[in-house]
Ligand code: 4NP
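Here's a solo chain for you in structure tokens, the form predicted alone.
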Amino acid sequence: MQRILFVCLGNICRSPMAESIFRDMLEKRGLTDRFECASAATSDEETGNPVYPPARARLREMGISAGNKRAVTMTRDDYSRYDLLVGMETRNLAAMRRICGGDPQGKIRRLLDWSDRPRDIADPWYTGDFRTASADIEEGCEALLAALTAGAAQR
């Protein structure tokens, strides 16, 4: 089973959206037995808080539930617990490497690095644009899942 941790600054917008979108993709494709996913924050500012209401509303518009997700903070142990640690933007990657004490196995990556247009996903907490953030996250999740399932097919 492949274990993936989606990470952003607070774990109330982008990373829980990525977790929910990716999980929905897995369910629709019958792949839930092959992957496990979760999400976390690089800061502890929002620990314990639910998914931010506009992010939850955007997911609902997409027909996806965020469940009872509450923000958690990434730990050094997550590096050994997960196969991939997927950040939403370059700043997340730097914080993730700091938390993990580096990235000797090359597990820390940016979500849209799997897409045809690698880039950061802007934080909708600041931009207010949850539609663009969700579209970017969906693009990244599709590309990530395609890469992971293609890799499994080649083995």
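From 1 onward, residues are counted along the sequence shown. All figures in this text were calculated on a predicted structure; none of them were measured in a lab.
Below: the form predicted together with 4-nitrophenyl phosphate (4NP), not depicted.
Only one segment in the set 98-106, 44-52, 31-39, 59-67 has any non-hydrogen atom within 4.5 angstroms of 4-nitrophenyl phosphate (4NP) in the model of the complex, and it is 44-52.
In the model of the complex, none of the heavy atoms of Met25 sits within 4.5 Å of a heavy atom of 4-nitrophenyl phosphate (4NP). In the model of the complex, Leu9 approaches 4-nitrophenyl phosphate (4NP) with a heavy atom inside 4.5 Å. Contact between Cys13 and 4-nitrophenyl phosphate (4NP) in the model of the complex is found at the 4.5 Å heavy atom cutoff. In the model of the complex, Trp114 stays away from 4-nitrophenyl phosphate (4NP), with no heavy atom inside 4.5 Å.
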